[in-house]
Each structure stands twice: as C-alpha cells, then as structure tokens.
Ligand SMILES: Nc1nc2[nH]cc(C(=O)O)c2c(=O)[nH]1
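We begin with a single chain expressed as structure tokens, specifically the form predicted on its own.
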C-alpha cells in the first residue's frame, strides 16, 4: 500500500492522526523471512517510528527518515482481511511497541484468530496478546557512531547506546509470550556481548531461556552483504549451540520493498 510523505523523526504522533491510528509505512503479503517461522506466508504491518537508530537498519524509512500514512485499526484490519490465504500477521517496524494503539490492533487480531508475531528491539513492554515475540536486542555493533551513521553526524550515538538494552522489558517480554531472541551479528566480536546479555537475562527472567531460543542472523540487507557474513555467522551458531536464521526475503528478492 502507498504511504504519505509525512515525516516523523522521533515516532511522535502528528496532529492529523485518527484517534485509534497507527503510522503505517507498509502493509503487504509475503513470506516470513527470518526466525523460526521462516517461509510462512504472512501479512506484514510495518509501523513507522523507532526509539533506536541502528546504523545498518534495513527499514530506513521507519527510523532515520520515517514515512507513513495514518490508518485506523479498522482500516488496518480490512487490509489484512483482504489477504484471504493468510492467517499469520507480523507487526513490525521501526519499533511497533512504541505505539499504544499496537495493543488495540493485537487484541483485535487475537479475537479474529490470527497468529501474531511482533518484531521488537526489546526495549518496550506492553501488555498485549502476542503469539511470538521476536526480540532483537541491539548490540554495541549497531550503534551509529559518526563513522557508521548513514546521515554522517553521529547525533544518535549517545541516545542509542543508552537505550538499546532494557533488561526489565526483555524479561517481561520473554515471560509473557512464546519468544525467540534474534541477534543481528556482524562478526565474531559480537559473541562476548551476546553471551553476557544472555547470562544477565537468565538471572532476572522467571522463565528458562534455552540455547534453542537464541537465533543468530547475519547482518546484511542485500545479497552481496549476506554473502560476506552468513557463512561466518552460521559457523558461530554451530560453535555455540545456537540456531542460525537466514534472511530468506533478501535471498529471494534482495532489497526490494514490500518483501
């Protein structure tokens, strides 16, 4: 579906939003490309706005330069229901849990019998019916230093570094839903931080976190970049007893939108 040219750099609602609205960047039907449900036909609802700024963000127009159209929950549901063969819905972003109205949408989807996956960076908890919390904690290697910032100024470096991990929110997310912890890995230098975070999370969470709940995913939004990272990340998954997840949509469609 098309989006407007409205810009919302901090994910804050504009004056023209509907009372029950969400800023929608994309709404489309495709295959889930990542995680334990890779290959499952799904409707993707991509919200705009994020509280972090990963330098390698593969949805640039939901974070660095947010673009969206405001849609009410009923409008979103009508779009979803138009895909008659789909019974899985993926709420993604940006950071979809930034928006309180995401809870209303998830409740409505649960009432209609849809399986819902929420793709989140794990820094925000909301009390909502979620079938699979796909949590992607952001590592230090995601921080947009001046050298890596796609806009070149590094103004988000301190804020991103400060806010990228919230153990309390992570613990509540894994306690309330089926979950997968999906780490974007740039190289083997990320593994010590992943292992340390898992140790900390296991200490505070009231549910077990097994190694097969942990997925390593190669960094890369294009086929060329994945060619550089995926073999090494697959080997790291085998070395540490974690799962490896492909980026199926990139393999199939490279960096095309609405995939």
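Numbering follows the first chain given and starts at 1. Computed from a predicted structure; not experimentally measured.
The same protein has a further form, the form predicted in complex with this ligand, not shown here; the description that follows concerns it.
For the chain shown alone, residue 68 is not a contact residue for this ligand in the predicted bound form, no non-hydrogen atom being within 4.5 angstroms. Interface residue remark: residue 30 is counted as part of the site for this ligand in the predicted bound form, having a heavy atom within 4.5 Å.
This ligand is not shown here, and in the predicted bound form it never comes within 4.5 Å of any heavy atom of residue 190. The closest non-hydrogen atom of residue 249 lies within 4.5 Å of this ligand in the predicted bound form. Residue 92 is the only one of 177, 92, 143, 101 with a heavy atom lying within 4.5 Å of this ligand in the predicted bound form. This chain is displayed without this ligand, yet in the predicted bound form the stretch 30-38 from 230-238, 30-38, 190-198, 205-213 comes within 4.5 Å of it by heavy atoms. For the partner-free chain shown, just 119 of 115-134 comes within 4.5 angstroms of this ligand in the predicted bound form, judged by any non-hydrogen atom.
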